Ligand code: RIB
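Below sits a lone chain in structure tokens, taken as the form predicted alone.
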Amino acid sequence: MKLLNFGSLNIDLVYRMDHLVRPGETQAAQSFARFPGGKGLNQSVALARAGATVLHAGKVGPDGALLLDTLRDAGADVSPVAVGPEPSGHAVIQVERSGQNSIIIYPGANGCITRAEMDAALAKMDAGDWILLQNEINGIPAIMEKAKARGLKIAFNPAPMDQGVRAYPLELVDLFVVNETEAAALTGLTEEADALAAMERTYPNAIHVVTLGARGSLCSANGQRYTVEAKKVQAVDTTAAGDTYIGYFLALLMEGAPVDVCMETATRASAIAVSRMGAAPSIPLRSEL
């Protein structure tokens, strides 16, 4: 079984700050670093480092060599990635002393994927394979419909969440992975357990995972509920925590591991990631767990 991650490819510009900049404030950064990133890239790196067979689809500009090299080095197949004249997407990330962050994203090439490029990437997959989607590229509804028509299982992480997501053909999704903010936006309910119950009712055939940061994660699958507590670590940078969790959870799920084992493994991987700086570079190898 293999997985196609059709997702974003960003260059992350990371500024270490005393605190997140407030409106009207000018603050000198304590340090600056440039990393490969994007939710799509991060999740492909996590999948590959967890041992999954992963192909990455998306689009970069002429400046995208760093992004493609990062995916190749992690073990992902980048043959479905298109290259266009638009600059690659990038993110401006502030990280404060506690490890919390604030992120501005410029889509760039991520928002210029054509129907022909979608079809070419999906043609590499077989019925029963998985496709993973986030919300940082254009054409998500069309990709969902094309993927389901080919018999693929769909995993969806609706991040960054916006109102347009609720109009997507979400009934096609086999696995939702959301954080508490995304769960509330999808359901209109702020209590995580209530939001999870609402998602179960609306999409009864899907697996639902709600990540809660330092409070762990919840999951509903096959009529059962699961809870896993977070590991206690000193957080340095939380940028790729959710992406690491998703990659490891899916990699284990594809291997046929029980849901609670998927959650526990993903939680351990995320704990390592938040103890390191950067997005993709912080994601651990499976042997480190």
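Start at 1 and count along the sequence shown; that's the residue number. Source: prediction; values computed, not measured.
One more form of this protein should be noted, the form predicted in complex with the ligand, which is absent from this view; the next part is about it.
Contact check at 4.5 Å (heavy atoms) against the ligand in the predicted bound form: none of S217, A221 and E264 pass. The shortest heavy atom separation between G38 and the ligand in the predicted bound form is within 4.5 Å.
Shown alone here, A91 lies within 4.5 Å of the ligand in the predicted bound form, counting heavy atoms only. Although the partner is absent here, I105 sits close enough that one of its heavy atoms falls within 4.5 Å of the ligand in the predicted bound form.
Proximity of A46 to the ligand in the predicted bound form falls outside the 4.5 Å heavy atom cutoff.
Listed residues A240, A57, V60, L250 were compared with the ligand in the predicted bound form; A240 is the one with a heavy atom within 4.5 Å. Residues placing heavy atoms within 4.5 Å of the ligand in the predicted bound form fall in a single listed stretch, namely 97-105, out of 137-145, 114-122, 194-202, 97-105. Taking the ligand as positioned in the predicted bound form, the residues of 10-30 that bring a heavy atom within 4.5 Å of it are, in sequence order, N10, D12.
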